[in-house]
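Next up is one chain by itself, shown in structure tokens, the form predicted alone.
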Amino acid sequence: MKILFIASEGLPYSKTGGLADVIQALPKALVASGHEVAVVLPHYRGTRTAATAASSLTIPIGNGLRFPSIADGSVVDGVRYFFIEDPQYFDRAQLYGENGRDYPDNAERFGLFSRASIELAKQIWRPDVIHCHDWQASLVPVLLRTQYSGDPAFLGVPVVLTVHNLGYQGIFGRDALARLGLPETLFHVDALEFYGKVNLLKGGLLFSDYLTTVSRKYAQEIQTVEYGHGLDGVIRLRAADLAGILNGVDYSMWSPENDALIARKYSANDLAGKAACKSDLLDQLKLPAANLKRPVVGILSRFADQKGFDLIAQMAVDLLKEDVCLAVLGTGEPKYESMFQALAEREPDRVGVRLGFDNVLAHKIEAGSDMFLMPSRYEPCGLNQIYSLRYGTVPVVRATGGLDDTIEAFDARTGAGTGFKFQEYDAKELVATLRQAIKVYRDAPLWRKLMANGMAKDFSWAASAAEYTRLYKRAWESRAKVLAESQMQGSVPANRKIAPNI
């Protein structure tokens, strides 16, 4: 089967969050299972690739035309990469915005990206299935089922949309319709209209053949008012076509046995390297060796309320009353960046902070920390808690979404479980759970048992890729019925391929 991924970011070329990890790992796993996969991404300023322009396009945006080019990139791990090049739109300092604000023309930027990706699928790389990701690619299914609805190139091609985080929906003023070259007929409750505005993700949810999200628990949560961000009714409407498929992990990159970025490799059978990695992490953050005797709590995240940083802000002083060390890497809301900088100034011997994204340091935090903190308000899947398990770094999480699916609460009496988690979104519960973890840390044999439990877990991509393959097949078969009916009516060429290599 030929599968085309359309996403706004993806490693090894661009990243702001977990979406980029998925766009690198899932296509790779699908190729390993016998499929042909291509990925199309915007060509951002930071994208480093030897891609060469394959063709130029004429794309209508609003009342004008733009002329992006398609760059044909290299094949990485069997996956072919394409890039949409438009320097005015994508040659910018960041992917989506700067200084905590989105770029004001994000609708046009990703509208052009979506239209150009469709033309790529029509002219250059003809897929059997199109797999879109998040609001930035949600215009693809809308366009395919409206303006491209009579195009025989796409009549039999299903679209799967994965929601990585329902909190980000691509909401714009009503004038975005004109700016995107969309008809006013799409501004109604059964299409893009959302409380008087345009919601691109809503359009993707309604016009895609199948929907997925990145954990079973999150697929249930987003059908509720609490987690639905105003779209819970739409999700419930499409519940029969929604699947929660847990993200996997690429253990060739995220495993202490294989990781070339950490100070010393180690495994569940030989944990000596873990101590060396802890020492190296302290050196990287310029923290004294006295912290080797303390539990190091790692934080690696986008700094936002969604990630639980309002709870951390409430309990930071209480946390530092405990004999712990903090190793922090991330960027995000200025108030939280300032908070961590202030903590580091207050406790320079126990708080190490690095603002920004640093892939090497991210690996070192996973390997060198004793605990990993993820107190999210909601978490569709989360990857770092899964990485942490394999590195013997014990997760402390809130029981929501993928965090609840992947972490089993530790029972000191039986020795079963892989981490610590709390239910209510409450700072006092977070502090109490951390204290519970610290208490177990002081019992070395029990802590080693807990580490071993986590390191034995397997969240590799193979199982998830198999679930996606089954979903692609169902989506293709349902869409193929439409194609067959059209062929009987004579509206589609009879030589159009009917069965992909599934």
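This structure is a prediction, so every number in the text was calculated from the model and none was measured. Residue indices: 1-based, along the sequence shown.
The discussion below concerns the form predicted together with a small molecule, not included here.
### Task
Counting only non-hydrogen atoms, choose the one of 322-330, 345-353, 139-147, 423-431 that falls within 4.5 Å of the small molecule in the model of the complex.
It is the stretch 322-330.
### Task
State the residue from Ser301, Thr162, Asn199, Thr406 whose non-hydrogen atoms include one within 4.5 Å of the small molecule in the model of the complex.
Filtering the options by heavy-atom distance leaves Ser301.
### Task
State the residue from Gln223, Gln306, Asn106, Gln284 whose non-hydrogen atoms include one within 4.5 Å of the small molecule in the model of the complex.
That would be Gln306.
### Query
Using 4.5 Å between non-hydrogen atoms, is Met374 touching the small molecule in the model of the complex?
Met374 belongs to the contact set for the small molecule.
### Task
Consider Asp318 of the chain shown here, and say whether it contacts the small molecule in the model of the complex, taking contact as heavy atoms within 4.5 Å.
Asp318 lies outside the contact set for the small molecule.
### Task
Give a yes/no on whether Ile23 approaches the small molecule to within 4.5 Å in the model of the complex, heavy atoms considered.
Judged by the heavy-atom cut-off of 4.5 Å, Ile23 is well away from the small molecule in the model of the complex.
### Message
Against the small molecule in the model of the complex, would Arg479 count as a contact residue? Criterion: heavy atoms within 4.5 Å.
### Response
No.
### Message
Within 4.5 Å of the small molecule in the model of the complex - does that hold for a heavy atom of every one of Asp128, Thr469 and Leu483?
### Response
Looking in the model of the complex, the three residues Asp128, Thr469 and Leu483 all stay beyond 4.5 Å of the small molecule (heavy atoms).
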